[in-house]
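Presented below, as structure tokens, is a lone chain in the form predicted on its own.
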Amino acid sequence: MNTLLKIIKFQLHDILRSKWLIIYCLFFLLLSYGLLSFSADMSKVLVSLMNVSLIIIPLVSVVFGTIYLYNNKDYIIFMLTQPIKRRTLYLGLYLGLALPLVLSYVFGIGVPILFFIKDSEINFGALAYLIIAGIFQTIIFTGLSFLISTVNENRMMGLGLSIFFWLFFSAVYDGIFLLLLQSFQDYSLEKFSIAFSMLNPIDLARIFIILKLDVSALMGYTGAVFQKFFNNNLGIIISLFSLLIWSLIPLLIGKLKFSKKDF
């Protein structure tokens, strides 16, 4: 445990000096402040923040994480010459990157809202769900980036795969889903749509937030199905549990691959 904490501490010190992390935090800070300045409707602000966050967070997490691990290859090789377990090193590197990204997001979203507490009615429940969803997106796509970097030695191939997975989950996946719904519209697809949406962490996060906001116009097909089959509370629990599974799978597979990798 002491070794893990030391690795995390060193990685935090290294990451916090990165100008990209500062830019990432400032982006959400300015976005949140700007939306709150121009709109008094908190629901619309949260929906706008959700739409932007579910695009930017996965992109930054997966690309930055991939580049980060490739750039630290010499450091990893050096650390492996020390009496340190590989799983400890992997977790230390992972947490050392994921924690600053999470803190930057929470700080960027949360600080402007503190200034507007007196001026608008803030739905703290929906805000908490937005922040939780953003944290899960960071954890999931950072884990995915580490898995990609561990499996692929080629830097360009790894970066290309990272962008591909982001593009697939953020845009292509929904297009395939809509095509399947259109092709098999004569059949009952409610259960299929629930299972299919659980295979996309970005869709899960969107459903998780929208069910809390209870914005029926933005539910979409999968959101409406979740609400119909599970009601709001059970749907939120199921989507949260699915996000937790998504957080663990890339991390555990990546840790297993890292433990067996020949450096």
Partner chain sequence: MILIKKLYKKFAQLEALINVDIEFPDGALSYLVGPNGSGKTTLIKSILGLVKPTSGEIIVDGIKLNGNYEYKENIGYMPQTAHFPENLTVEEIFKMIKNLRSRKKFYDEELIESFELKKEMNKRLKNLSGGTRQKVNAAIAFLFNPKILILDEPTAGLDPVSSGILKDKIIKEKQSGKTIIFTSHILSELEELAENVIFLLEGKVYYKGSLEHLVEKTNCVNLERAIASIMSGAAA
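Please read these numbers as outputs of a predicted model, since none were measured by experiment. Numbering follows the first chain given and starts at 1.
This protein has a second form, the form predicted together with the partner chain, left out of what is shown; the following refers to that one.
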Heavy atoms within 4.5 Å of the partner chain in the predicted complex: which of the stretches 67-75, 130-138, 104-112, 144-152 has them? 67-75
Any chance residue 85 has a heavy atom within 4.5 Å of the partner chain in the predicted complex? yes
Interface membership of residue 159, the partner chain in the predicted complex, 4.5 Å heavy atom rule: no
Would residue 81 show up as a contact with the partner chain in the predicted complex if we use heavy atoms at 4.5 Å? yes
